[in-house]
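One protein chain, two forms: both are listed below as structure tokens, the first as structure 1 and the second as structure 2.
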Structure 1
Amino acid sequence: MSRSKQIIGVAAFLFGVFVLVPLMIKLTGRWDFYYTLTSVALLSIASAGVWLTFYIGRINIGQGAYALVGGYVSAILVVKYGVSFWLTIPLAGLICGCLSILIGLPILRLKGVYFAMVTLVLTEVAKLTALALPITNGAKGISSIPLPGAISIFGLTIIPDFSQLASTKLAFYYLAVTLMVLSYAGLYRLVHSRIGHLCRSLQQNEELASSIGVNISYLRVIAYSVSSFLGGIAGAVFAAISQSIYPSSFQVADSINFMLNCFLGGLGYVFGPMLGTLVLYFGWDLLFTTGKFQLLIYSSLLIALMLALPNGILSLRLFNRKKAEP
């Protein structure tokens, strides 16, 4: 793919999410899509993290834990310590990243289903910890979190105070989409740099990788902490949107969904988790008119999709030409 084509693609995508989508929503009057797309953007950030752990050959069903921690970190900092929400986004990510180093060092030695199961248990541990700790306010959760405030530099307001906005929908949409674009740009860069190459060497054969001098445990921990960082920031923004966080805000079902997003989009494609999230989340939303048959139809479609495209939606020829294996 030529460089100019790539640039056009990226520009078109940015134009699409930043201009076209809001325009379409204005034209069609489907205001509810803002939240749906905001969710998709945030969930796809967390899924991108899971995808990265897939990329080093680990099945991660524990992203919900980090999203929950991220949400709590942001909520606690904002509510109890009066820290600006904007600062809590990177802080939530960083704290999750550091936490994941501590947790990752021992558990990343596990492979296959063992790693998957430990991470699954991790989600449960996060929930139970949130229920037990005083700082998280236990079962009562943290609610009535104030909306993000304004940011201004030299008196110039860059980001307005959210509580002054008539509707926060658009603001949160832009926030989520911006974070998504940044995350995926970072992920794309990572995967297409030599680091991605090294990650793939881990995915394919850890023994061989270590024989050529790759510090596999270091690289694994790095990848895992980047993954958890992404989970943390997604959680932080969700806490701000719902202005509340509970131990059950992210649960095992979320962790599993993050993983499914990656499978559905395609494990071999950087943008797989984004597409996977869009289809899975939007799919459920669109089916809401089918009432009590919603879950039946949803799961049947999921199975059918899996039968037709077991390697993810992006493995379709149509997409393949554009995004060959990175």
Structure 2
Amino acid sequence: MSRSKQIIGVAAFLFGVFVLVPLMIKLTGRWDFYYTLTSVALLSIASAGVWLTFYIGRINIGQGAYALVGGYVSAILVVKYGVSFWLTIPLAGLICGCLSILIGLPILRLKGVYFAMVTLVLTEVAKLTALALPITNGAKGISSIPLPGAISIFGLTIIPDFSQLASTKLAFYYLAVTLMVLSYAGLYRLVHSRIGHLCRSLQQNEELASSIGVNISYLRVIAYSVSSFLGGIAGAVFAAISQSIYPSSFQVADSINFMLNCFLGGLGYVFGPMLGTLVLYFGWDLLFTTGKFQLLIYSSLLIALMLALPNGILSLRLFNRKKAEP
């Protein structure tokens, strides 16, 4: 795809999410869609982190743990220490990134299947830790989290106080979408950088990459820490939206869904997790009318899609103008 077409595509996407979607919601009066799309945006951010670990040839089934940690970090800093919510977003990501380095240094040396098995228990470990620690308030969790305050520069209000708004749905929607755009822009840049190309070599043959001087452990740790950073910021914003965080806010099922979003959208495409999250989220809701058969139909359709499109929805000829790297 030519550079000009890429720019047009990005401009169209930005116009759609920032202008067209709010306009359509206003015309239809379906204000509940703001919460739905905000959730999709945040889930896609966490899924983007999982995609990055797939990019280095590892299966990550523990992203829910970092989303939970990020939510608690933000809630504790805001409620107990009076830190501005806006500062807690990067802090939650950084703490999750540092935590992932401590966890990743030993387990990233394991073979792929063993790494996946270890990450599978991380979400449950984070949940049990939240239940046990006094600072997290145990099973009661942390509630009554204040809404984000205003940000002013030289007396000019850049971001209004959310508590003063008639409705926070639009404000949180713009916040989530902005973070999603920034996250995917950063991910795209990383993947197409020198480090990204080196990371891709790990998918193909780690032994060969190591033999030509690629520092495999270093690249794995970088990718895993960035992945966890994205999970942390998504969890922090989720806590602010719900104004509460509990040990059960993110569970193993959420970690599995983050992984499925990547499979469905396409592991070979940077924006695969975004599309996969959208399809899975709305697909589950659309099947709600089927009642007790919802899970059966949902699972069957998901398996059928993966069999028919092993490289994800973005591998369809409609999208596959040029395969991303990813």
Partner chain sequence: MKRRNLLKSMMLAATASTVIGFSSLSALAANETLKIGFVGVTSGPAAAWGISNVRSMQARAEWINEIGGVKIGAKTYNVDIVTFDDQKDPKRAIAGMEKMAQEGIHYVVGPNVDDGAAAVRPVAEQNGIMYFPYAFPKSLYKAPASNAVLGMVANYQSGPAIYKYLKDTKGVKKVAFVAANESDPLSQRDGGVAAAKALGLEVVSGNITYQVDTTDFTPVITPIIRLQPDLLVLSGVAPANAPQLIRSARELGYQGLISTETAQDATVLKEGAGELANGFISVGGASTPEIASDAMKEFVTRYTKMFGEYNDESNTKVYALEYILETLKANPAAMSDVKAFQKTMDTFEAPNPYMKGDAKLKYVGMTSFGQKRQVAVPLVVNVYKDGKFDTLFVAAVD
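Think of the rigid core as the biggest set of C-alphas that the two forms share within 1.5 Å after superposition. Since this is a predicted model, take the numbers as computed values, not measurements. Numbering for residues begins at 1 and runs along the sequence of structure 1.
Which of the two shown is the form predicted alone: Looking at both, the form predicted alone is number 2.
Per-residue C-alpha change between the two structures, residue 287, threshold 2 Å, rigid core fit: Shift of 2 Å or more: yes.
Large Cα move at residue 263 between the two structures, threshold 2 Å, rigid core: No, residue 263 moves less than 2 Å.
Core-aligned C-alpha movement of residue 298 between the two structures reaching 2 Å: Residue 298: C-alpha displaced by 2 Å or more between the two structures.
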